[in-house]
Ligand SMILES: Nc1ncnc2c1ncn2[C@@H]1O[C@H](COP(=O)(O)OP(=O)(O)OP(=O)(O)O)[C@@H](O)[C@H]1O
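Shown below, as structure tokens, is a lone chain in the form predicted on its own; questions about how it binds or moves come after it.
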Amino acid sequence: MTDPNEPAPSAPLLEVKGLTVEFRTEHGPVQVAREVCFTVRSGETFGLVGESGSGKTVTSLAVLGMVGPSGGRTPAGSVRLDGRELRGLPRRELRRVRGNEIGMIFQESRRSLDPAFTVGDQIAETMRAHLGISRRDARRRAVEMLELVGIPAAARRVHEYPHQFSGGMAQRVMLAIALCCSPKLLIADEPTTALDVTAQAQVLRLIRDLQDELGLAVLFISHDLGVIAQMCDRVAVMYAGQIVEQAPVEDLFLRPRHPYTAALLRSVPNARDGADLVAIPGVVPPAHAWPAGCRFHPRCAHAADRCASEAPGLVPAGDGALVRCLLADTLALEGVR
């Protein structure tokens, strides 16, 4: 029985239900993500993790309505931001949402910055396009944004070009662009992959600090479980275009419920115990050749005969967790302690 004095849980800021992404290929229409469901609450960091090819990035692009230019479409599902359905919005309205309400940063920031314009011009142009402010106000705000993301001598560096910034500083510029219109949600897709470990730690700390300061929700996408453990409150594990497990981050690391999650954890280097790494055999299959039954069964050490023919659903597994495994109730999988 619920306590009537307890406040009702707030509605999620981002709610993704049954999202399916399809591309036209030489093999015909291919679903690269299928029936993806998750929520992101205000102020939290929700992680998507998995190997390359698992569907993480294409899911984030579908949330943003950006799969069309690559020949993709979303034939099914719902994407709601603050209760408002984004699928089906006119292109112009979606562009407003992407600038004003959702900010984005991606890996390899140098490819996202225009080398022909100063970083100040690029920040200012974003604000002028979405906020309608004057050129002078936009330039002043550009300096403030560079200061916010910790770039020294911002009043001088606002006039510099992207090639004059290190990888870590260029990623800070991208963060300034993503946040300059005060979005509610930040989507960070592998934002530190191309950085050295020192720059990576600085950028991750900056994202956390800005999240606390601005009250941001963050959808954080990574293949790196160490980064996910450091950054996220809840996490969904993706494999072959599907979410196979979802749980609070500490619970997922201590008590993985899906064999794929447990295998990912065994493949992470741990300097403390010196244990040998255990690689997952095989590779993620191509989207046009997903196996029947459980999509992980050809690589799974625990697979039974039924796993090759029965497709498991994503079902509750206690303590706010979900799992897509026919054998989850019978497995005792080892986590990281």
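As the structure is a computational prediction, the values presented were derived from the model and not from experiment. Don't overthink the numbering: it's just position in the shown sequence, from 1.
Keep in mind that the form predicted together with the ligand is not shown, yet the notes after this line are about it.
Enquirer: Against the ligand in the predicted complex, would S52 count as a contact residue? Criterion: heavy atoms within 4.5 Å.
Expert: Taking the distances in the predicted complex, the answer for S52 is yes, it comes within 4.5 Å of the ligand.
Enquirer: Does S42 reach the ligand in the predicted complex, with heavy atoms at most 4.5 Å apart?
Expert: Flag for S42 set to no.
Enquirer: How about A287: is it within 4.5 Å of the ligand in the predicted complex, going by heavy atoms?
Expert: A287: contacts the ligand in the predicted complex.
Enquirer: Quick check on T20: any heavy atom within 4.5 Å of the ligand in the predicted complex?
Expert: No.
Enquirer: So if I measure heavy atom distances to the ligand in the predicted complex, which of the stretches 34-42, 57-65, 294-302, 308-316 falls within 4.5 Å?
Expert: So the stretch in question is 57-65.
Enquirer: Hey, with the ligand in the predicted complex, do T25, S70 and E190 all fall inside the 4.5 Å heavy atom range?
Expert: Affirmative, all three are within 4.5 Å.
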